[in-house]
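Below, in structure tokens: the form predicted alone, a single chain.
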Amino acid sequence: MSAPEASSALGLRLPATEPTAQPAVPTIPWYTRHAVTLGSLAFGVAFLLTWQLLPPALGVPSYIIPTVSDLIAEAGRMAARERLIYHFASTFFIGSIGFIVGSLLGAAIGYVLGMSTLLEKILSPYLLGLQIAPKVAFAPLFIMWLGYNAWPKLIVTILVVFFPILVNVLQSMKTVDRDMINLARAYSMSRMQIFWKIEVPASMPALMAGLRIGATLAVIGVTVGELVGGNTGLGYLITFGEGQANTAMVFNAIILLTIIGIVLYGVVAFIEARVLHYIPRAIR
């Protein structure tokens, strides 16, 4: 019997108790909430100012290290005379398609090999040999076979993206909790039910990590294909700018390649946040 009930039974009246006041929630200043963003912006501004002011102050000629204003002026000239938008779109399109196809192939083959130990043992030596071989070295071979078109660049991008995702997915399939699989078998679940309900969800973190790596490698793959042989793309502009000793053009092409990589990486991070929403994040 609780204290109020006991006092009522005895005819006693307890003094009324007031509700306990909740502690006030401290107000966090806006600059504390956005400290990371402000810090990043401040560092970026300081970096650009240093880039703009330091080379002229040290007497470094613009054809060695162009300033930020030189890059902006050259970007305007490239957009007007060098079809910069067209080259950017070509690299972005081929890199994105290569990333998507390479990711699908890597994930699919990784799951197939993870489901069949025998098939993995048969194909592992060949996959290992192909993984060790430098994929970018195949670009001249593909050009000799397919000519100076988009196919060599696309195939190199697919190969570069393919292996990190394959390895991540295959490794995650090997480390699935065996107790969960045995429990599923005890409930008479089929092989495909175990795959879709246990193995695929367990492999999602490793797959997303592989996609993050593949997003950055896709830019490398398409750039190598454009550097080796091609007349379109940002890699071609790098080669063209090198031939003309136009350092600003090379810098601009590198910056745009970096932007493409950031966009692909950001898309993967956005998808990962939606797919892996059930995984708790560390609070700092």
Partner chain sequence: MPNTASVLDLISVTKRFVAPDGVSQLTAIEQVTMNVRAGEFVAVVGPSGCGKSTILNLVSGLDRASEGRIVLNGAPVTGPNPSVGFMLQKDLLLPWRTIVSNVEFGLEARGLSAAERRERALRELKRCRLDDFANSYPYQLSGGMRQRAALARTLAIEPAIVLLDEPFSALDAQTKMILQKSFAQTIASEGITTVLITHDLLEAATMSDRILVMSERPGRIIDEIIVDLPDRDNPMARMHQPKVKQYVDRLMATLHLEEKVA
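These numbers were taken from a predicted model, which means no experiment stands behind them. Numbering follows the first chain given and starts at 1.
Here the subject shifts to the form predicted together with its partner chain, a form of this protein not shown in this document.
The partner is not drawn, yet in the model of the complex one stretch among 87-95, 193-201, 72-80, 143-151 has residues with heavy atoms inside 4.5 Å of its partner chain: 193-201.
In terms of contact with its partner chain in the model of the complex, the residue from L105, M189, L123, L130 that brings a heavy atom within 4.5 Å is M189. Of the listed positions (L183, V112, V167, V136), a single one reaches within 4.5 angstroms of its partner chain by any non-hydrogen atom in the model of the complex, namely L183.
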